[in-house]
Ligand code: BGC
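What follows is a single chain, given as structure tokens, in the form predicted on its own.
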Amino acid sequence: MTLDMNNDWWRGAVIYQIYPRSYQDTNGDGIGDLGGITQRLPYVASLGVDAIWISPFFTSPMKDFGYDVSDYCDVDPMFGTLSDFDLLVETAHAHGVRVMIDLVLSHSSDQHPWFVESRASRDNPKADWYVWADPKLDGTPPTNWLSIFGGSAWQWDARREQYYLHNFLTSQPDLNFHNPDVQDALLDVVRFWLERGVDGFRLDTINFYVHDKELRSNPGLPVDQRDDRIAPRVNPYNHQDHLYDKNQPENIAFLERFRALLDEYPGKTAVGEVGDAQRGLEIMGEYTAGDNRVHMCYSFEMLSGKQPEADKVAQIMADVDDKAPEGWACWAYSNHDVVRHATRWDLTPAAQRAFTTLMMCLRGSVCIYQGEELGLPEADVAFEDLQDPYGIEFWPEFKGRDGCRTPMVWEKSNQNGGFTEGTPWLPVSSEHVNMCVAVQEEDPGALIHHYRRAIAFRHAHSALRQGDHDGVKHTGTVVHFQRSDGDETLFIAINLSGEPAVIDAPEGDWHQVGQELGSAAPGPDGKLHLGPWQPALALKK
């Protein structure tokens, strides 16, 4: 296989997220590694995806499992070496799969040499590389900003007798993007990986890069306006309107510098993670507008706790059309930070198929998370087995992210599902082992085959990959819309309900497609009679 040389390959792409600690272990230490990803690339390619996104594998003390970087330009030994990464890229490209990596630019580890130097004094060359501030007169932090991981976003440092900002763990100090030297250093990191052949980046917490230079405190949020999509309900982070600790207008200038660098390397792309419950779609619209910022933004609208019914899906897509008319979304139901959607939405196998079909038909690009194609539910991880500091902090009301991060299951040959010959860093769910890849490959009716068919259906129609839509609507429990690109127009209707539904067939001359996805044909009365969770897919003649 060869790579598609279209520079706009990202538009409508299907991206497969790999959490490297949990994908495949090759050396028996119980932790997945880059060699394991390389070993499993034939499987990844068999799904038909366009690219993989690999969560952080950089050198790190692993306080937040790689999202606390101590060397941006090297591989942590637990994952392998730079040579292992080079082989991974080469092998992926040979299989027609592009490689995107997760860049954590908003903050580093407190063990990064930059921070070690910065905290040493107030007058060293990197003294202003992080966000430092004097206390208030009474010794309290300079603002009321809160950390997503709980408590104040400010940590006292006795060396400088100042506070430093950390939007996440205290061991993850925020870099100061108001300093142009910091921006230059981070863009050098981007260039380092572009030179190694990566095809793009997932930008972690893209809207957290820049803080309010005046250090103004956030206003409070009334109870009825609080939203738990970004932080769990029990976290007081939700009690603020985050006007000043993130989402600052100066961020646009940095993103334009970032995009200009990417454009020096044809065919490279970026998807930004927008972590904001109040203005997420507006920010997505700002960050993806035109052709000089990021290509796509990863939105939280489909990562909600409640299963989106037909009216909600229609509203989300209408909001995108309204708030991000020039933008390009990247949709996901699951990732390494949220409860797996099979459990979060309490989906039956038929419902999982319907939502998969829907995702592959929506305007935008798509991220699917490892194991999602198997329909894996959230794993139950006992408190004594927890690794995630987030879950340990808020247990038991919030159990953290370990339940979605347990190892991938490949076969039933051992209790670890073929992930490792050692002791896995998180226990492998026995329920997952019975849903492993090898078992599903042998079952023609298994979910994995539906994912392959749905991805192939998307790739077969340019209208689904890159076309416009006529506005997503709903009739009762049925979502319906048309997608068009050039001479191709597709009609899509999906019943997001466990009960039958009837809607009018589209006007004009159409023929049924997508029979492999269970597509319904119009009845003799000219209407579409949809069974529970059934789609109707038609191509205009």
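Counting begins at 1, following the sequence as shown. All values derive from a computational prediction rather than experimental measurement.
Form predicted together with beta-D-glucopyranose: not shown, discussed below.
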Practice problem: May I ask whether W331, R353 and K473 each come within 4.5 Å of beta-D-glucopyranose in the model of the complex, counting any non-hydrogen atom? | Solution: no
Quiz item: Among 231-239, 197-205, 152-160, 259-267, which stretch has residues with heavy atoms no more than 4.5 Å from beta-D-glucopyranose in the model of the complex?
Solution: 197-205
Quiz item: Quick one: does D110 come within 4.5 Å of beta-D-glucopyranose in the model of the complex, counting heavy atoms only?
Solution: no
Quiz item: Would Y67 count as a contact of beta-D-glucopyranose in the model of the complex, using a 4.5 angstroms cut-off between non-hydrogen atoms?
Solution: yes
Quiz item: Any chance R401 has a heavy atom within 4.5 Å of beta-D-glucopyranose in the model of the complex?
Solution: yes
Quiz prompt | Non-hydrogen atom contact D337 with beta-D-glucopyranose in the model of the complex at 4.5 angstroms | solution = yes
Quiz item: If you check Y209, F168, F79, F419 against beta-D-glucopyranose in the model of the complex, which one has a heavy atom within 4.5 Å?
Solution: F168
Quiz item: Out of R293, H461, R453, R405, which one falls within 4.5 Å of beta-D-glucopyranose in the model of the complex, going by heavy atoms?
Solution: R405
Quiz prompt | Residues of stretch 478-505 in contact with beta-D-glucopyranose in the model of the complex (4.5 Å, non-hydrogen atom) | solution = none
